[in-house]
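A single chain, nothing else alongside it, follows as C-alpha cells in the form predicted on its own.
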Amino acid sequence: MGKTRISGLQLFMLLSGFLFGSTVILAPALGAKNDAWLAIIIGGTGGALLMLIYAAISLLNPSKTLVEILKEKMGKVLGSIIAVLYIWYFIHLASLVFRDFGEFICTVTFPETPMTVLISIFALGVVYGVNGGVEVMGRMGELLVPIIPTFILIVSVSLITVNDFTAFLPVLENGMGPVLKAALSYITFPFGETVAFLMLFPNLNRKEKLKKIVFVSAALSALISIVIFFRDISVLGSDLMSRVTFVPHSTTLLFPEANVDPLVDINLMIGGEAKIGVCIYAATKAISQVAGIENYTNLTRAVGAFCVVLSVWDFENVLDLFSWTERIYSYYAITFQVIIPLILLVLSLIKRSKPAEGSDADNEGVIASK
C-alpha cells in the first residue's frame, strides 16, 4: 500500500486545529494573571522554536516516522522501548482532551447526560475520521478548522462595547516568576504536544514547505491566544478570570442580546477532534510499526475505546484534572517533548555529517589515484 500524501495547506490546518484543541475553552498561561499576554509571547516563541526542532528532525530523516527514527538512531531495542513510551503519551494526551471535552459539555451544555455517553459518542466520530486515513483527516481539517478563528474573531469584535481596555494593568505586578512559569506551561501545552506530528510529517507531499508551515501555524496560534486573553480579561477582569472554570464560555455569556455559547461548543468539537484524531493516529501508527502490524486501522477502535475509559477513570472531577495539569503536566511531558527530541536532533546531525566526511575522503582518494 503506497504512502498517502497531504498538501501543505492540509498539514497547516491540522497543525492549527491541533494547537487550538482544548485552548478554545481553557485560557492559556492563566497562571500569570494580568501578564498572561507576556507569557503567551515568551511561550509562543519557545513553542515555535520547539516545533521547528521537530521539523528539523523530520527533514534530517526524510520519509521516516518517529518510531523509525528512534529505532535507527537509538538501536532497535532501546528505540522500541522509547517508542512504547511515546505510544502511552499519545494515548494519555488523547484521553486528557476527551476529558476536557466531557467536562465542558457536561458542565455547560448537557448537565444531565452522563459524561461517558458524551465522550463515547464523540469518540465514534474521531475514530471514523482516523480510519479514513491521513488524507481524510487533512481534508476535514481544511474544511472545518478555519471556522475556529472565524468564530473567535466574531465574538471578540462583538464584545468591544463591554470591554475595559485597562484591565490587564499593571504590568509585571508580581515580577517575572509567574510569567516564566506560565510560559513554560504554554510551551508544553499545546506546542510541545505537536511532537505527535513526527508520525505525520512523512506524509507531506512537499517537504521544503515544512518549516514554514510549522512556524506560521505556531505564530497564528499564539496570536489568537493573545486576542482571546485581551478579550476575556477586558470583559471579565483578572479577578473573575481566576475564579471561573471555563473562561471563554463565561465571556460569551456577556454577548449582548444573543446566545453565542454554541460557537464555543463547535470550536471545541472541531479543535478537539483534530487533536484527538492526530493523537490516536500517531498511537496506532506507532503500535503497528513497533509490533509489525501491516494496517494500523485494525487498532483504532481498541485504542479509541481505551482512551475513553482512561479519560473517565483518570480524574475524579474537573478540579482534580485542572490541578494535575497545572502542577504536574509540564514536568511529565518535558521528557517526551524536549529531552528525547533534542537527543534525536543531535544524533541526526552527527549521523548526517559522518557520511559527508567519508565521501570527501573517498573523493580525495580517487583524485590521488588518478
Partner chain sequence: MTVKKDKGRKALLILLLIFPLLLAGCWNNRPLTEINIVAGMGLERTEDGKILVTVQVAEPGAIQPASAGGGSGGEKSKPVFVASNEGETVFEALRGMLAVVDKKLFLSTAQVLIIGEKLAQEGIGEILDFFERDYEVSYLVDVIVAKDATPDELLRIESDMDTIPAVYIKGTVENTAARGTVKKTLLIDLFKDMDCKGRQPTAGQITKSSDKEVRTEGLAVFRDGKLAGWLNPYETRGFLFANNELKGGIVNVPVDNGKAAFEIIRSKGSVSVEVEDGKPSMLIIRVNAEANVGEYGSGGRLDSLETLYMLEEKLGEEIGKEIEMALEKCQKEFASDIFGFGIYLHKYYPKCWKEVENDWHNIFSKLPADIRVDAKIMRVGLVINPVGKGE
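Residue numbers count along the first chain shown, from 1. Treat the numbers as computed from the prediction; the structure is a model and nothing was measured.
Although not depicted, the form predicted together with the partner chain is the subject of the following passage.
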(message) With the distance limit set at 4.5 angstroms and only heavy atoms considered, check whether Leu38, Leu85 and Thr161 all reach the partner chain in the model of the complex.
(response) no
(request) Tell me the stretch among 75-83, 220-228, 116-124, 203-211 that has any heavy atom within 4.5 angstroms of the partner chain in the model of the complex. (result) 116-124
(request) Considering only heavy atoms, tell me if Phe215 and the partner chain come within 4.5 Å of each other in the model of the complex. (result) no
(request) Please run the contact check for Val157 against the partner chain in the model of the complex: heavy atoms, 4.5 angstroms, yes or no? (result) no
(request) Flag Pro170 as yes or no: does it have a non-hydrogen atom within 4.5 angstroms of any non-hydrogen atom of the partner chain in the model of the complex? (result) yes
(message) Can you tell me whether Pro111 touches the partner chain? I mean in the model of the complex, with a 4.5 angstroms heavy atom cut-off.
(response) yes
(request) Check each residue of 324-342 against the partner chain in the model of the complex and list those with a heavy atom within 4.5 Å, in sequence order. (result) none
